[in-house]
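In structure tokens, the next block holds one chain alone, the form predicted on its own.
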Amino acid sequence: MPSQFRFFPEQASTFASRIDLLYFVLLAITVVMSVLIFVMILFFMIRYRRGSKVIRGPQVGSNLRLELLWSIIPLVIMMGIFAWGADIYFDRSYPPAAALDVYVVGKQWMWKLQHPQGKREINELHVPRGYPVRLTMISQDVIHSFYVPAFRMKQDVLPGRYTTTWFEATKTGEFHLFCAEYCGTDHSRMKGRVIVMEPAEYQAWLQSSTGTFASRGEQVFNDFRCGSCHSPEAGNRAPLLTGAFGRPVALVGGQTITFDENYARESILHPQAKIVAGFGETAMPTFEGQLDEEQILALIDYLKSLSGQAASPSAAPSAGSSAP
């Protein structure tokens, strides 16, 4: 029976091999420098031990070439590693435009995940192999951290602010999901799994859902009568939302901000924080304490759909499609 012991988790995403290579290079440099320092210490201990016949008086002199050599070479190596790490960091920071969206809410002590096509999961995330997946995440209580070792992916999940990360799985199977930030008594039990499926299998799994996430957001929008102000029939009582998501918004005071997830959330919970130019002091009430994080995410997905940005069932990989 083969051994199940592994020094490192398997590599199951496009970033895993890149991150591992950088890590091993850093480890090799650390080992080489540590051995070199240890050998030099040992050498001087023996050479200048008590009773040895060596010159111990002060020696005045310098070697400019040697001093430049041991200063410039480490500088070049460290700057090269910095550029290498920065390249990986920026690639991780900007998901592809065609990435599949999944919304994540962390709470003590579980992961709640929502697919725009309607599927909802707890402590499980189903994704297709070979397709980039963008996670938009927020915490309902304290700081959590979404960590999948096999993908070499870890992103803090914060209360009050959306964070995003993305990955592209390269292998099918089940992979551990952990919370990597101590979040309370049952932190160690806040775990789950990521299930990577073939695209055709994933599409069949998605089709068993009823209703999209945007349609759920539309229901919240109607239940709280948001259209009584944010519609053409309201007579310019509030900014129109159709086509607004993703575009710049001019604010009172001359500032301009992009209508993104964090701005939408702030406007729902703290409508007086950033007032759109031309509307003066808004009469919109705060919905803090009336909407939970899942309802807010649903509303945001509905706003995206008004701008043609929300995912639809056709945006998921189909049985006959191939990875990009």
Partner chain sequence: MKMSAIEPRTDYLNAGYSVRSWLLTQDHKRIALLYLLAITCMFFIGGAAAVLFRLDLMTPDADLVQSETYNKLFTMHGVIMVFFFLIPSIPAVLGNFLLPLMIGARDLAFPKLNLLSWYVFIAGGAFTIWAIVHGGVDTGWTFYTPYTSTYSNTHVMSTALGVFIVGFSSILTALNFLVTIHTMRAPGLTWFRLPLFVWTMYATSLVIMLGTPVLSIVIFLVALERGLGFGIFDPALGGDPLLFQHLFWFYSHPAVYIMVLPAMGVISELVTCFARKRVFGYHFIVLASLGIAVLGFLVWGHHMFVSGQSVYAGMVFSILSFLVAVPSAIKVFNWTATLYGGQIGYETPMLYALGFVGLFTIGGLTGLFLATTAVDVHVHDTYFVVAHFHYIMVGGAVMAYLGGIHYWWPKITGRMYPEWWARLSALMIFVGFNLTFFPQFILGYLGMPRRYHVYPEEFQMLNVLSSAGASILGVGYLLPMAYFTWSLWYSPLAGDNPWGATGLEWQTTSPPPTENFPVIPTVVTEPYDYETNSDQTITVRRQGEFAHE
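It should be emphasised that the depicted structure is a prediction, and the values quoted were computed from it without experimental measurement. We call the rigid core whatever largest set of C-alpha positions still superposes within 1.5 Å between the two forms. Numbering follows the first chain given and starts at 1.
Keep in mind that the form predicted in complex with the partner chain is missing from the display, and what follows is about it.
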Practice task
Select from the listed residues G160, G173, G211, G243 the one whose heavy atoms reach within 4.5 Å of the partner chain in the model of the complex.
Solution key: G160
Practice task
Using a 4.5 Å heavy atom cut-off, state whether F279 contacts the partner chain in the model of the complex.
Solution key: no
Practice task
Find out whether any non-hydrogen atom of C179 is located within 4.5 angstroms of the partner chain in the model of the complex, and reply yes or no.
Solution key: yes
Problem - Non-hydrogen atom contact F221 with the partner chain in the model of the complex at 4.5 angstroms - result: no
Problem - Any non-hydrogen atom of R237 within 4.5 angstroms of the partner chain in the model of the complex - result: no
Practice task
Taking only heavy atoms into account, state which residues of 9 to 32 are within 4.5 Å of the partner chain in the model of the complex, ordered by sequence.
Solution key: P9, I19, D20, L22, Y23, L26, L27, T30
Problem - Residue shift check between this form and the one not shown, rigid core fit, L69 Cα at least 2 Å - result: yes
Handout entry: G289 C-alpha shift between this form and the one not shown of 2 Å or more, rigid core reference
Key = no
Problem - Core-superposed comparison between this form and the one not shown, Q59 Cα displacement 2 Å or beyond - result: yes
